[in-house]
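Here's a solo chain for you in structure tokens, the form predicted alone.
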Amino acid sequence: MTELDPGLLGEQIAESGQLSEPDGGHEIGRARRRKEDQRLLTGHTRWTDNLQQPGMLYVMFMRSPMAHARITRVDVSGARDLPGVVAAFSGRDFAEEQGSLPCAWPVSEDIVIPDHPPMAVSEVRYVGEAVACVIATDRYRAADALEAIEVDYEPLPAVMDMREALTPGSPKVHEAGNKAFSVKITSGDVEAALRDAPVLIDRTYVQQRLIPSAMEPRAVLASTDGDTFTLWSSTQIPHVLRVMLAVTTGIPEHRLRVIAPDVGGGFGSKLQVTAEEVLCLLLTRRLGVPVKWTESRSEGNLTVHHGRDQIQHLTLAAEADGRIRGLRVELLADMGAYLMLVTPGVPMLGASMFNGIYKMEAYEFGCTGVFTTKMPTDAYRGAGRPEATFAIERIIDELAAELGMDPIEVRRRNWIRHDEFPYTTVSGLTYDSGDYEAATERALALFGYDKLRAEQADRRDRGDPVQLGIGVSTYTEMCGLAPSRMLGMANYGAGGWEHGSVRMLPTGKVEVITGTSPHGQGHVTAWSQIVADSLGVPFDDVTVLHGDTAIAHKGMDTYGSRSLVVGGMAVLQACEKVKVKARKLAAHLLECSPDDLEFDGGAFKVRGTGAAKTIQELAFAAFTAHDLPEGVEARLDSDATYDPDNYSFPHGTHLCAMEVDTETGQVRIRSYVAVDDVGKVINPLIVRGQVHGGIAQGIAQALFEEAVHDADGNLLTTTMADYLLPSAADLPDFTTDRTETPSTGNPLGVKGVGEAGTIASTPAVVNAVVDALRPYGIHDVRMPCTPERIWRALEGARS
């Protein structure tokens, strides 16, 4: 990937001619290097595994080697007698107090939510489920002692295939059966749209199971000083986790503090209440000493929640000129063995996005959640929306191929025009703003689309063994997960608001406390830019505190590209409240009416005079409290809770040129162009980094990653040698640019960006692979599009 270079970025911005430069002296829009990076890059970090506590012990878990079995005996006595071992427990030792891991999103009336014990007591339902644990003076003694534990299992049939799981007579994962829920949503007359349609496209796509691979493995440290507890965890959600742990363990919420220290990536995998977090808390309560657990990478592949794993059946009806009439979507979604925090909600997050940026009169979405004997699935970068975007962008390309049209032209014929916003889609969402025409035109120009199409035609005519494919993805997404009202309508178990506080210190410095919980996004820098502009204080005078429920006491944390559009707005509103307080004090000290003051450059100035008070002077005046007006308290500090009225809808156009060797199946991305529209931008350098990382993750699904199990439910991809993640050397240079249509849903006009690259890139890459292979009669290659799968597709077509 191209190195992030602010100078280069500035040149690109200038060349684009479409982006607003920051006003003179303003921070918003400036490509600031991230404040947090110097500490992270120089090793001054606080990962959970680095933390030490006096008398701390180490926990290791014994995990089931069986995908499905009854536990008939667990004997931990052999482990207890070994040197360095302090204690050893089975699931039965915690049966009365461990409760059930929570599911916060019952998506339907018929949903089945089985008990999910953090440590299995009588039955295991996936390989890797904890059945016992050892607590020792170091982790190596604890690991060795696991071998002395004896567990007897009575094997039960594994349930690995979703379709077979739903057939009568299938072995049951749970007594209630293998169907977790079913949902159907209809808008318009889909039967009429499909009936006698001039063009009917029917396709089935498979979203393979993925394993989130954050750079920092999960780790937990729990301690107690009697009746209060502290839990450090590499989590994305310290506030949600605190509530859920209190509910699960019975520890009163006000006696539990959760801290997310430095967290090295999450991508949704740390948006969870894990068995290890609950058990470490129970262990420290039982033993009275701090205990720590850190997963190995192999343990993580087995037991971090997995992502995707859907079978998507789409039927699209269109007119002969390419205009879409309607769309039917039928999903099977693999829940795994249990429903975790938002497991059933993941496919529902895509329910409103299968129509993408396109206009149509009828839409039907059906989804069945299925239990299998695999690790549960849950949120993974994009959570439901990458799956939906993949499906609609793939079938739009199929429509173009069926009609012999250019895929760009089919999209133009169906997308929402810029002058039609705000636009309420067939699925019921109201997109506030967008300009798909502008983003696409910019992408086509940067890509050299016409020239590449000419080269493709030439290669096809010559029968070149290396064919060129061109992939298109014109996406939008629903992000900024709030609005609480909408989450309530979806039966989600929490709100979507966010909280922010601004403390004006006596010396004029500013402390910002945010309920968001960054783990690589750059909130400290972006929030500082917002506050610097709003209060007129230097960027370096702002510090941001987060990730500790004793410091940031309210919050809904970080996921779903929500932090800026919800948490950033809460901080902005808190700044506005600071200025309201400061105005009263300034008017009193300057002996004028508040209406005679204007706020400019960090100072309240009396119009028509040279009299002024800076925000720093007012902060000190509030601190001394020697001369406050009647009814004004001795502080300017302010809090705000923000809850938007609508989601955020970034969009863009991604284009991929792919060379496919038709003799070996080898692929090479020759060029990749991404033009994204994320509304107004606080820091273009951060946006560019988010887009780069997102594209890499989307390409990884398209070409590299897949969790593979054998028929007995054993995960075969437990190491980095088996589960293929691309490195920088495997990826091309990305050409990125932006267009800008401000959101009308928030004061800054910003939209989410954290998931955009991942959502857009997977269909662009697969469309490119398939486009290269169309002359051979190939219309799909299952992800990941490995050389072997492409070669086999070609061999099948030739035979």
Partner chain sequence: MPRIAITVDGIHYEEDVEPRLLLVHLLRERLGRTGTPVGCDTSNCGACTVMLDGKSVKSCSVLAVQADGCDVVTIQGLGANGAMHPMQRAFHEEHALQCGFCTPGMVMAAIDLLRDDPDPSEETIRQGLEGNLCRCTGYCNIVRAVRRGAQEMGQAVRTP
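Bear in mind the structure is a predicted one, so any value in this text is a computation, not a measurement. Numbering follows the first chain given and starts at 1.
Same protein, other form: the form predicted together with its partner chain, not shown, and the subject of what follows.
Under a 4.5 angstroms non-hydrogen atom cutoff, its partner chain in the model of the complex has E705 among its neighbouring residues. Within 4.5 Å of some heavy atom of its partner chain in the model of the complex lies at least one heavy atom of Y140.
Although the partner is absent from this view, P732 contacts its partner chain in the model of the complex, with a non-hydrogen atom inside 4.5 angstroms. Looking at P212, you'd find a heavy atom of it within 4.5 angstroms of its partner chain in the model of the complex. Figure note: of the listed segments 706-714, 112-120, 141-149, 348-356, the one touching its partner chain in the model of the complex, with heavy atoms no more than 4.5 Å away, is 141-149. Among the residues T284, S90, Q312, Q697, the one placing a heavy atom within 4.5 Å of its partner chain in the model of the complex is Q697. Listed residues R503, R257, K605, H692 were compared with its partner chain in the model of the complex; H692 is the one with a heavy atom within 4.5 Å. Along 47-68, residues W47, D49, N50, Q52, Y58 each place a heavy atom within 4.5 Å of its partner chain in the model of the complex.
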